[in-house]
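Before any questions on binding or motion, here is one chain by itself as structure tokens, the form predicted on its own.
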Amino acid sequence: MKYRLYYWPEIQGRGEFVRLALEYAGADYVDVMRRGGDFSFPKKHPPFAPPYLVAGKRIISQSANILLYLGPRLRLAPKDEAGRLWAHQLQLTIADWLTEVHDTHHPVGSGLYYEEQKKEARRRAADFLATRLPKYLDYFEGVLEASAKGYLLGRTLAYPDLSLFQMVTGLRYAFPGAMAGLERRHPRVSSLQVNVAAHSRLRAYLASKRRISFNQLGIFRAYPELDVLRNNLKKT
């Protein structure tokens, strides 16, 4: 099947989690908006917002939902129902985490510029780095420790591993100072990021023009003034 992915052409954003799965699996797909296409929302079961995937007659929205659909078809999810639900649970946790990353630079409202909410962003980022980010990293470090086989679900890479790779890579871009310290306490998470990036198809994708660079329009944004822990923030 040839898939059609609809997402904003200038950012990685939530669409990148779907792109990574399609690229890793070597799936036949078109990134429609990057080919000059436009959004076409159906009247029946319309998506609230991109990303959405067209697969034959199906139109599937929400990154986690798209990956729930693609996982078994791309051999990136377990065959049994319990395993698929566990993979989906991990992906939904990553979706919550991603929202918290976004809110470090837009804590008041998405319709406002960052410059209009810098004071609130400093407070939100400080709390995220001091409490929330370690909590998420602790959780996934624990999942990997319990798996004891290198990946979140066992010996075989699944789509939540690709998404965790994206989270760590994006956080390194947005908060390099904080991540440098935190990753030392989470070696399994760091090793997973390296191992995923080493897979041949993904390595080729990451080096290609298909991989959009991180930028100040996406979810992961590099504002140096936000890359501090709470104790350091109080001194400024």
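Quick note: we count residues from 1 along the sequence shown, nothing fancier. Every value quoted in this text rests on a predicted model; they were computed, and no experiment measured them.
This next part talks about the form predicted together with another copy of the chain, which is not shown.
Shown without its partner, this chain lists Y69, Y205, Y173, F39 as candidates; in the predicted complex, only Y69 has a non-hydrogen atom within 4.5 angstroms of another copy of the chain. Of the candidate stretches 25 to 33, 177 to 185, 45 to 53, 196 to 204, only 45 to 53 has residues whose heavy atoms lie within 4.5 Å of another copy of the chain in the predicted complex. Under a 4.5 angstroms non-hydrogen atom cutoff, another copy of the chain in the predicted complex lacks R75 among its neighbouring residues.
Within 4.5 Å of any heavy atom of another copy of the chain in the predicted complex lies no heavy atom of S191. Among heavy atoms of L162, none comes within 4.5 Å of another copy of the chain in the predicted complex.
Remark: K149 does not count among the residues lining another copy of the chain in the predicted complex, judged by a heavy atom distance of 4.5 Å or less. In the predicted complex, another copy of the chain lies within 4.5 angstroms of at least one heavy atom of each of the following residues of 74 to 97: E81, A82, L85, W86, H88, Q89, L92, T93, D96, in sequence order.
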